[in-house]
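Have a look below at one chain only, the form predicted alone, in structure tokens format.
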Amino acid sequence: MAGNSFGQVFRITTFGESHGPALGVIIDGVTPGVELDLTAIQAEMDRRRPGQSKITTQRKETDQVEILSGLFEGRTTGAPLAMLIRNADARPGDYERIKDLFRPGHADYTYFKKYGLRDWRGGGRSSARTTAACVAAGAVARQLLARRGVTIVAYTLRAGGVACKTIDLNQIEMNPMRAPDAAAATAMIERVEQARSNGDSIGGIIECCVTGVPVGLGEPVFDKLDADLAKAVVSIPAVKGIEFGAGFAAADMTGTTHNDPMSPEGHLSNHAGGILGGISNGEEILFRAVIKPTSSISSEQKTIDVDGRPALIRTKGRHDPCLCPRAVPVIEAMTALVLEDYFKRQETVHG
């Protein structure tokens, strides 16, 4: 199966399935001699892990990271850094009843048609569980970026039709929605609980802000920074769209309002979202990603079986009624992977 590697100089390859023995990632291009903070890596895993609040899936996984290679006496060696996350609470039996049915909204149908078979245990390789490996790798990239003065913060901006009216970054980890507005978070949680009680789910929007990126990251014409950020973010299961800066609102703007005037101190606005011509312009990189409603719902839906016959399906098991809270650290991780790769690529330009 192709498509399991990402990046050029700082490059990751992930492996594993939702209900297999383990998941993992191999990272090439890690700077040697860096003292990794393993506690910080585990903290990022804890932000993504299931069972962390009443509004997430109740699957119980500690997501403890084991480092198999590339680290000696606490420092990176420059060799491939291999990281393993074992599955401890897999319940493939939850899917036995529907193994011959395609779950609407999932990749069951497309994987089956592409490969002629599929891992029906929670979606196998297509499961959002595989993002645990990306978060582990992203946590390493974040530590390397911190040495460069780069910070990445994402949060739930909107969920279930409830939008944040204020942005207080101190609030993000204070509520289970990871929203920067305490009042909005309370209303979001109500929508989540209502959807779950109705056998349904909700979607939302995650906003991500990156500071500390200098002018010059990005490779024209086809390796634009925003293009690779978009690829990284849309590769996350459930992400169905992305916009930078003013985004789709630009369709209703004029050039005089959308252009970002410049002064000796920098740009006077940031409708471009910190990227011009695919290259960072020194301003804050800002984008928003659309998260679809969770596909696994307990309401009865129409589908077909592997022989193409009509059927009805109810998806039982442990699923998030809203993916936004746990998608926040995943988006941060994928952003970190792209940026560290581009920093290293830029170093090859100037030496």
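Position 1 is the first residue in the sequence shown; the rest follow in order. No experiment lies behind these values; they were computed from the predicted model shown.
One more form of this protein exists, namely the form predicted in complex with a further copy of the same chain; it is left out here, but the text below deals with it.
Put simply, T110 is close to a further copy of the same chain in the predicted complex: some heavy atom of it is within 4.5 Å. In the predicted complex, a further copy of the same chain sits within 4.5 Å of a heavy atom belonging to D226. Shown alone here, W120 lies within 4.5 Å of a further copy of the same chain in the predicted complex, counting heavy atoms only. Within 4.5 Å of some heavy atom of a further copy of the same chain in the predicted complex lies at least one heavy atom of F244. When you look in the predicted complex, the only residue of I172, V153, A250, I98 with a non-hydrogen atom within 4.5 Å of a further copy of the same chain is A250. Residues R148, R158, G160, G161 are the ones in 136-165 with at least one heavy atom within 4.5 Å of a further copy of the same chain in the predicted complex, listed in sequence order.
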